[in-house]
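Single chain ahead, written as structure tokens, the form predicted on its own.
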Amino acid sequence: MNTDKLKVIGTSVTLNEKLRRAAARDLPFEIEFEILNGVDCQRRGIMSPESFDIYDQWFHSLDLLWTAGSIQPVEVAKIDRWNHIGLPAGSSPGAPGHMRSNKAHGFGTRPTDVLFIQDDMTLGSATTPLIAMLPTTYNADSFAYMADAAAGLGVEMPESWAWLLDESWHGKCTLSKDPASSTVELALAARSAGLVDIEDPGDLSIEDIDALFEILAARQRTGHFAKLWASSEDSIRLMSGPSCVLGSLWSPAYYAIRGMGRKLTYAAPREGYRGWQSGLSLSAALPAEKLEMAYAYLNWWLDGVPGAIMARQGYYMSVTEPVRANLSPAEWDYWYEGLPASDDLPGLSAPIVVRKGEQREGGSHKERVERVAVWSTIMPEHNYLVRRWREFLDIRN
């Protein structure tokens, strides 16, 4: 592997072109981004640590990568802004003892659950000098829909995850192909619709999985789900076309479609959002001579410029003050404070993605994150769930 170049794998929602250009401008070494869809990135991270230096993806994949021996510890002493990091579910990671992590912050894999490398080499919340992943971006996700279509179909408010399974949207609904995110969304939907009795949508038993997938398979056989998407680009094509009018959608895709002039509404479901945390891990195969470059890249992520780029597609950052310094007051007020936009605001994909006077659904950063119902997660019964998920996908293939 080239020792003069840092290779980063991840998805297009973080490894975008503006970020690449900013990194090339600010860092004194060459960086190569390899962009994969979420499932393929996770597979590569687990199976081929020699093929990358930095892994940029989700916290809920950490247990798999750590167990596989594909990543190595990150030393918090080498992270310049470590004491400024704030996480969406728990206290500051610089605090001593155990980070706060409870059901008030949502079911599933909360970022605090798997951050620190424990003395017995497992992952946990007790503070140690080593972490498995540097926390960077996070968000509260839901689904989007065409408001005109909802009115025409007679779908009643309030917005609910149950809409994903509502027959009113038959043949017009889309989902992500990622089982870790889609399963928790569908568990919320089925529970809210009264179709299943699930206590914890972030930790499904085999019986829960069977009950849920019986419902999903029936929907899939009749064509309830139009298509499923593997990447943010796929979801943009689906939700900007005529076939899908409702679907699970990531924030960058939503604002990209808004930038096209489409009248798309992002839901604030009555049950709460699906939360996720992303970050950066060091490959277990990272050459020693590249270690300094890798830490420089990790520290650069917390310096404000990457966070501002992420903010313009709707994402939050673990260190906020440098982000605020790199956003206009109007941008900060809209993206983080939840206030009406005082000007038209730019995005990454279009000159204008937010119109003056518009307000972000769900309110401020604090209000949105406090309403996370479940975090994307790798459940204890993950292998069985994935098998059932593949059967679900194969029904229409």
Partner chain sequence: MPSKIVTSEKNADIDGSAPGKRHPANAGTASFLYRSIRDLLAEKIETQRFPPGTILKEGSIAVQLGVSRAPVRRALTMLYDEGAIRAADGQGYIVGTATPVPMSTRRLHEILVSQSDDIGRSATWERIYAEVSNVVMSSMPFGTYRIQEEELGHYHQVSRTVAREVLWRLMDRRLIEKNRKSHWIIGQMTASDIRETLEMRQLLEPRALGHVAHSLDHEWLGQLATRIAEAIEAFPEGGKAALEDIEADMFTTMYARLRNARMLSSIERNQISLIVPRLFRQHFPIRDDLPAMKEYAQIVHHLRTGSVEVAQVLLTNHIVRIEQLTLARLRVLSELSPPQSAPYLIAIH
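Treat the numbers as computed from the prediction; the structure is a model and nothing was measured. Positions refer to the first chain, counted from 1.
The same protein also has a form predicted in complex with its partner chain, omitted here; what follows describes it.
Under a 4.5 angstroms non-hydrogen atom cutoff, its partner chain in the predicted bound form has G69 among its neighbouring residues. In the predicted bound form, at least one heavy atom of M121 sits within 4.5 Å of its partner chain.
At the 4.5 Å threshold, heavy atoms of A23 stay clear of its partner chain in the predicted bound form, well away from it. Among heavy atoms of M47, some come within 4.5 Å of its partner chain in the predicted bound form. Note on contacts: among A126, A217, I206, A147, the single residue with a heavy atom within 4.5 Å of its partner chain in the predicted bound form is I206. When you look in the predicted bound form, the only residue of L64, A341, I35, L27 with a non-hydrogen atom within 4.5 Å of its partner chain is L64. Partner proximity in the predicted bound form, defined as non-hydrogen atoms within 4.5 angstroms of its partner chain, places exactly one of 349 to 357, 332 to 340, 37 to 45, 363 to 371 at the interface: 37 to 45. Contact check for L188, S192 and G194: none of the three has a heavy atom within 4.5 Å of its partner chain in the predicted bound form. In sequence order, I378, M379, P380 are the residues of 341 to 380 having a heavy atom within 4.5 Å of its partner chain in the predicted bound form; the partner itself is omitted from this view.
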